[in-house]
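As a starting point, one isolated chain is supplied in structure tokens, in the form predicted alone.
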């Protein structure tokens, strides 16, 4: 890979950003990026609360992504190529380094690509279905400096896997686990459901807000832990926990927010539909010796609608980018918590949902945007709502 696929940070502009589409603010100063995000959040949320605080940015907004994914293919001569899918397509843009991805993660991916020929490993061809290696995913524990490598293949048979693992770990002893993920389906999904551990425990750990979390190949975990810690601390500040509250953590995932909150609450109930996430959440609670939290595998809306005798002083909700649903919000209104802490990853869907909450007599008291994704248009916001009644 020549310089065309490598970021020249002295210029501040990635040479492939127009094809990649991952960054919206190439060539824009970080100060101006934050100002634009400030204006956006104020414009969208200003009708609901006068207290929209200035966005909290990063001291160093480069190389913050601790989860890096590369798709693999080959050129006409059969040489392996790795990179990022072009925006709105399945064409791969060759990339060796990215200004928003962890440097070591990028280096590991390039090394894996360079090892393929000597190990006679062919990259997967989406059109013909031939070949083995489809993707490589590398995750870093921000606080622990542990690295996990996930090799996504179309077949569970990986040639010379022991020597491959040995060679990779000789180059990068900081790799604490290597996992083979099998994805034999013709799908746009990166990971398959089956994992085969080639080295280490099959997961890495990270620390967030004083708690330790296990990260498996399929686990959801924020890609910018440094800013996530700021976001979650603000969410817990808005929750105003005194040690007696009953907290409902909806959309709880692997339990990060709920487990952190459990040290300040009376009891926490986390609700999540994904069985793997619930399993990870229970393991994480045990790892952090939290006995005042339980996790329920259920749809959060149905749980609030159908479970008898549930009570919540505080509801913490962290829905996907598409936001929540009118049915969920009405279920929260019927539950009647004193406070709702809404962690949003899209201020547009947050504004839409705040309009519904207002109809149910919940007032948005204040909102704090946090920049988890510098150089992109994405912005996270935590908002406190209180019941008017």
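Only a predicted model underlies this, so the values are computations on that prediction, with no experimental measurement involved. Positions refer to the first chain, counted from 1.
The discussion below concerns the form predicted together with a small molecule, not included here.
The small molecule contact in the predicted bound form: residue 299, any heavy atom under 4.5 Å:
Contact with the small molecule, yes.
With a 4.5 Å heavy atom cut-off, would you call residue 272 a contact of the small molecule in the predicted bound form?
Within the cut-off, so yes.
Using the partner position in the predicted bound form, report whether residue 284 sits within 4.5 Å of the small molecule, counting heavy atoms only.
Residue 284 lies outside the contact set for the small molecule.
Give a yes/no on whether residue 46 approaches the small molecule to within 4.5 Å in the predicted bound form, heavy atoms considered.
Result no; residue 46 lies far from the small molecule in the predicted bound form.
Report whether all of 142, 205 and 217 sit within 4.5 Å of the small molecule in the predicted bound form, measuring from non-hydrogen atoms.
Result no, not one residue of the spot touches the small molecule.
Please tell me which of 253, 94, 192, 200 lies within 4.5 Å of the small molecule in the predicted bound form, judged by heavy atoms.
Exactly one residue meets the criterion: 253.
Which one of 295, 232, 72, 147 is close to the small molecule in the predicted bound form, taking close to mean a heavy atom within 4.5 Å?
In short, 232.
Which of 72-80, 264-272, 152-160, 131-139 sits within 4.5 Å of the small molecule in the predicted bound form, heavy atom basis
Going through the listed ranges, the match is 264-272.
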